[in-house]
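Presented as structure tokens, the chain that follows is alone, the form predicted alone.
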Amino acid sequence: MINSEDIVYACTCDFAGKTRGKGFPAADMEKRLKRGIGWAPTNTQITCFDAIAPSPFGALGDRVLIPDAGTRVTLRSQELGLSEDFVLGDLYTTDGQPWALCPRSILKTALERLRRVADLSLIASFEHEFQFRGAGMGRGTAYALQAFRPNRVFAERLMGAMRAAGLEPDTIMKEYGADQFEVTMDPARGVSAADHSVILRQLVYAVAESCGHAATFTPLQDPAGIGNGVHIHFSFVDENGAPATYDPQGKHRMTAYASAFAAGILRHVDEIMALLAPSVVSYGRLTPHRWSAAFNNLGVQDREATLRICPVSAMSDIDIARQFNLEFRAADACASPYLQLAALVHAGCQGIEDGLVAPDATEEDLATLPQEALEARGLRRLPSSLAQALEIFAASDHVRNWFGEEFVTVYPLHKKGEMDFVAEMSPEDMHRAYALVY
């Protein structure tokens, strides 16, 4: 008699935002926590379409993926229709040093910078929108119980899977777009916030499949339709765990550090957009009047601001200082959450180091203002294409200082490979291709 053997899949979330790795017998977990699994450097150049972008490594070299046991997700449930066992980890050189192109290690470096310049820790949560491909729910279903009802099994399985995986479910809804849903979860500290984002995406895929659906996180499935964003909520705590974002006497009720951090993001957002919204179709979503973001503006409870000051409620059982948070709205799920958070943290830390102050919040439709008025207030459109975003990224001395020469050289090559793959496609075929891979 031959018995099946449990396998753990050790993963990294790469430049394409794809969760890739290798499996090994679960019985070898302790060994793999020490020696890891082998990984080819050129794997980092596998695009979302599985084409290998230009690689400086070729067939040469080796890296090691070391699992982090605290991230392991094991869900074997007939009731939930799931059989999952995976673990996230970090990429190292063979001499034991964090690899300069490991997204998770890059985030750790950024978080250490935040601790060094402000003695603060980041608290964050990723809010995800996604769609079921070809579900055909039709009109009249936005936020509707009518549309939620036939998907209750999916929603309840997903909540159960999230909780079993160590995530704290918050809300789930039938969103505004066609066949679109949104799921939110409680915030987590530091690297765990990005880990939870990676885990959540995989749980959505798995639970959707168990319910006969195919989920997609593509930023824009239909050029004329509603896009799927990733809204990154963040705040800070001090070394004692006390909230450090809210100051009722500060500008926009932000502490000096939070204000400078916000200003840094808005000043440098163009330089990091290639990491935050990194697909060709990302930029069709980042246009005015799509409830996403189009300008480098700060808004108070404004869902078209790139950086939004979120509301607080006196009716909540949570203290206002712990409720108070900022939301970055110009990101999507084609990116590695580790690189997204690292980009925001580095830009924010630059704001702190430069002593910046958050700008005045906008209160009007910026798309209606003349260019002269925008320039007078330091407001500008976000990059309009991935090619433009990459050009700004590669030319930035700040980005080079934050991420290192190797990363700034290799990452654009990866994205060039992705752009080349879709260059000859019609718009319809290109959007369809992204919907299939995300």
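Computed from a predicted model, the values in this text were never measured in an experiment. One-based numbering along the sequence shown.
Below, we refer to the form predicted together with glutamic acid (GLU), which is not included among the displayed structures.
Glutamic acid (GLU) is not drawn, but in the predicted bound form it has no heavy atom within 4.5 Å of Asp270. Residue contact with glutamic acid (GLU) in the predicted bound form: His346 places no heavy atom within 4.5 Å of it.
Mapping the unseen interface onto this chain, Ser292 counts among the residues with a heavy atom inside 4.5 Å of glutamic acid (GLU) in the predicted bound form.
Although the partner is absent here, Ile226 lies within 4.5 Å of glutamic acid (GLU) in the predicted bound form, judged by heavy atoms.
Put simply, of Lys108, Arg163, Arg115, Arg303 only one has a heavy atom within 4.5 Å of glutamic acid (GLU) in the predicted bound form, and it is Arg303. This chain lacks the partner; the member of Asp195, Glu129, Glu84, Asp90 within 4.5 angstroms of glutamic acid (GLU) in the predicted bound form by a non-hydrogen atom is Glu129. Judged by heavy atoms within 4.5 Å of glutamic acid (GLU) in the predicted bound form, the contact stretch among the candidates 152-160, 172-180, 71-79, 241-249 is 172-180.
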